[in-house]
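In the form predicted on its own, a lone chain appears below as structure tokens.
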Amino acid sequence: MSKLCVSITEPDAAAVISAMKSLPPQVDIAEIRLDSMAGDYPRIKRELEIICRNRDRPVIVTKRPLEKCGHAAARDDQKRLMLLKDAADMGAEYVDIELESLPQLSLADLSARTIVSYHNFEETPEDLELIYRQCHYSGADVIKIATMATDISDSSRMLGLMQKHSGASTPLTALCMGEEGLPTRVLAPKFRGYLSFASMTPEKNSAPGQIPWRDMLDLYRFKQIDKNTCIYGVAANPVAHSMSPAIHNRAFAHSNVNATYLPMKVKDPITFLDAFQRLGLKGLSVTIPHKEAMIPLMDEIDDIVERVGALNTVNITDGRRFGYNTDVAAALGALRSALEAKNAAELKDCRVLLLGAGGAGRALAFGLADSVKELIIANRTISRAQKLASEAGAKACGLSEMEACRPDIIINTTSVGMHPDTERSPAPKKMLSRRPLVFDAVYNPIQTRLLRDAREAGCVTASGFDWFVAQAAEQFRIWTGKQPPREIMADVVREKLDAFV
């Protein structure tokens, strides 16, 4: 089983010990970064002795040189290496020494287990196997290879290296730094990596891309990941803001699904899909900018994807890729539920005014065109509304003309009213006097100015929050075949939005 190690970068022994003892038992090892401590050799040695005497779990002791993301000056290199020998003599379980430093310090002189490490903060070299062999032939007790990922495909190569040597006699820790390297940190247990490194907090990374230990344990369920864990994720660029990992990982945990869901910063969907499918990828949420580019990579797509020209869900079964669009069904479901609450006419008998002709507007236009009495698309740039209306079999108008439409349903798919510009509304209040059903696709904030105005006018409303949760729930059903825990998923979205505000 992979061990979880937390890097501690505190400036003195007291702070290191306090940080270490605040960690839960699920954190197996603490990495003590001596290069974070100021002072001369005697002072740091005294601090190290206090740490080793008061540790509450196994420790890795390292002191990185400047060029390896440390704080130790090059002129201190001899004393830097002396501190590693001191750590071994003081009973530290592991010392970490860089591959290039081995000529200056014999592993035979160290009584602790030795981690021989290779670091590259610029790239992930092509020949990872050569680097592995160099570390292996050094006589290390543990091999560590850490490189910078410039593309998520670098992570797939590193995971492949880990997988290839998972049964070797010398344990291997192989990871990629940076945002694109996140899969290597979370998936170490699936590929039998020896260690994965986490930070104390987001602000106290000892290397780019480290994940806080709380997220490793609670969000990604690191300790529950094994060789049978299925891999899911959201493919996007950018991706760091996505709430989907929190939503789906909570749903997996609640439903006892052996799976983990990762944010995946994808630049090239072709190389990404090919590489991660070989590693066991089972499904994806897909968002900007890949909703259209993913379609040719599918073996099959559903009718909605065919009509809309965009997918948001991929399911991989028996090596075949299936593309779906859960946005449309989720939106129609939210509308029908709201109509039932209003005791109003059925959707097929309604005149609908759709505001916006972007990605969300396009999806809803094709979904609604055959489901409503009349669909009118209004957009700031009227030529875009006219083009979409022509394709979907609808009518078009400019924003200045929309008040004359007298719709039964108003749907906003523009960004007007989205955080932080929360006091704007895309529809004037007088349009609400006839009490149409109002659906706002914006979900941050949950209650937009448009929805507040609509409720004050006595309108029944549906929010982007309902849509967002519904499309995620349908993704869960497609992937797992299980009934989605909608309330659990909704609670996660509320938590995230509350924290965001």
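Source: prediction; values computed, not measured. Start at 1 and count along the sequence shown; that's the residue number.
Here the subject shifts to the form predicted together with a small molecule, a form of this protein not shown in this document.
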Would Y132, L172 and F191 all count as contacting the small molecule in the model of the complex, using a 4.5 Å heavy atom cut-off?
no
Option touching the small molecule, based on a heavy atom within 4.5 Å in the model of the complex, out of A357, A149, A310, V314:
A357
Would you mind picking the one in S285, T413, T124, N325 that has a heavy atom within 4.5 Å of the small molecule in the model of the complex?
T413
Evaluate G464 for contact with the small molecule in the model of the complex, applying a 4.5 angstroms cut-off between non-hydrogen atoms, and reply yes or no.
yes
T381 within 4.5 Å of the small molecule in the model of the complex, heavy atoms
yes
Quick check on G233: any heavy atom within 4.5 Å of the small molecule in the model of the complex?
no
Contact between A441 and the small molecule in the model of the complex at 4.5 Å, heavy atoms?
yes
With a 4.5 Å heavy atom cut-off to the small molecule in the model of the complex, the contacting stretch among 413 to 421, 297 to 305, 345 to 353, 217 to 225 is 413 to 421
